[in-house]
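Coming up is one lone chain in C-alpha cells, specifically the form predicted alone.
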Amino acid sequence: MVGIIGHGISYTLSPALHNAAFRALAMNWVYVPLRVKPEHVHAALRGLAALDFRGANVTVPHKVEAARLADELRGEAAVLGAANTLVVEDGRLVGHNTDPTGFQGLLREAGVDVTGVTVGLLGAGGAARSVVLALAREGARTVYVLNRTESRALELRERLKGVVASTEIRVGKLDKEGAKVLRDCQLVVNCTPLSGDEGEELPIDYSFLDEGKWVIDLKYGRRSALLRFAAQRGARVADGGGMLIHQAAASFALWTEKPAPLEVMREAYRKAVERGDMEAKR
C-alpha cells in the first residue's frame, strides 16, 4: 500500500497514474488518497508504518511539515526542507523530494531551454523551492521570486543561496508593481494556487506576456486562464501535467525499486484528464 497525503485533494490524479503502473507490471500494490487535516498530519504520518504502508506522496499543505516529522531526509528533501515522498524503512520515515526531478522532466519534454535565461517565479511555497532548484540545475541565470508575503520569498532565497550559487535569486512583492520585472523574463512559472480565473485572480498586469515567452502553470488538467491568455498573446505555454508524471515516476522507483512504466503513466494521465476526473490544480 502507498498513497497520497494532503488536504483538499479531490483533484489528484496520482492514484490513476500509480495504479495503472501497478497493473501494467502485475504488481499486487494499491495507491489510495489519504485526506488529512493539518492538525492530524503528525498522527497520520506515524500511522503509515503501523498500517504497513510502503510509503506515501505528500502534497499541499503538508510538505514542509512532512520534512520536519520525518526520521531522515535524503537528497533534495534535505536541501529544500520539504518532502513530497515518504518511504517506510524498518519502521522509520525517510523523506525525499521528487518535485525538482519532475519539473526538470517537464522542461525537457516541453522543449524549454533555460540556459542563461531570466525567469519570473510566482509564489514561494514548497513547489516554488523545487522549481528554483530545478531551474538552477538547468542553467537559469536569474530567478525573480515574487510572493505576496515577501518574507517567505526571502526565506526561500536564504535556504537555497548556497546550493544554487550559479543562479542569482532575487525577491519581490507579488503585486502589479513588483510584477513589472516579468517584462524582462523569458520564462514565467506560476507556483501559486491562483489561476487567473474569476475568484482566483493573480495580482499582476498581463501586459508582460508576448510572443516568444514561455509561461508554465503548475496546475494541471484544465488549462488555466493565465495559460489561455498567454497563448492568445502568442506565448508558448505548458501546464504541470509533465511535472506530475515525472515526479510520480521518481516516487514509484523509490517505493518499488523498479523503473516506472512512464508511457503507461502518461496514458493514464491523458485518459483521466479526458474523463474530467479533476479540476485544474497544482
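Just so it is clear, the structure is predicted and the values come from calculations on it, not from any experiment. From 1 onward, residues are counted along the sequence shown.
Another form, the form predicted in complex with a small molecule, is not on view; read the next lines as being about it.
Think of it this way: in the predicted bound form, the small molecule has a heavy atom of just one of 152, 170, 92, 176 within 4.5 Å, and the residue is 152. A single residue from the set 134, 188, 107, 191 has any heavy atom within 4.5 angstroms of the small molecule in the predicted bound form; that residue is 191.
Taking non-hydrogen atoms only, residue 124 approaches the small molecule to within 4.5 angstroms in the predicted bound form.
At the 4.5 Å threshold, heavy atoms of residue 240 reach the small molecule in the predicted bound form. The closest non-hydrogen atom of residue 85 lies beyond 4.5 Å of the small molecule in the predicted bound form. The small molecule is not shown here, and in the predicted bound form it never comes within 4.5 Å of any heavy atom of residue 62. Contact check at 4.5 Å (heavy atoms) against the small molecule in the predicted bound form: all three of 148, 218 and 244 pass. Contact with the small molecule in the predicted bound form, defined as any heavy atom within 4.5 Å, is confined among 68-76, 207-215, 178-186, 124-132 to 124-132.
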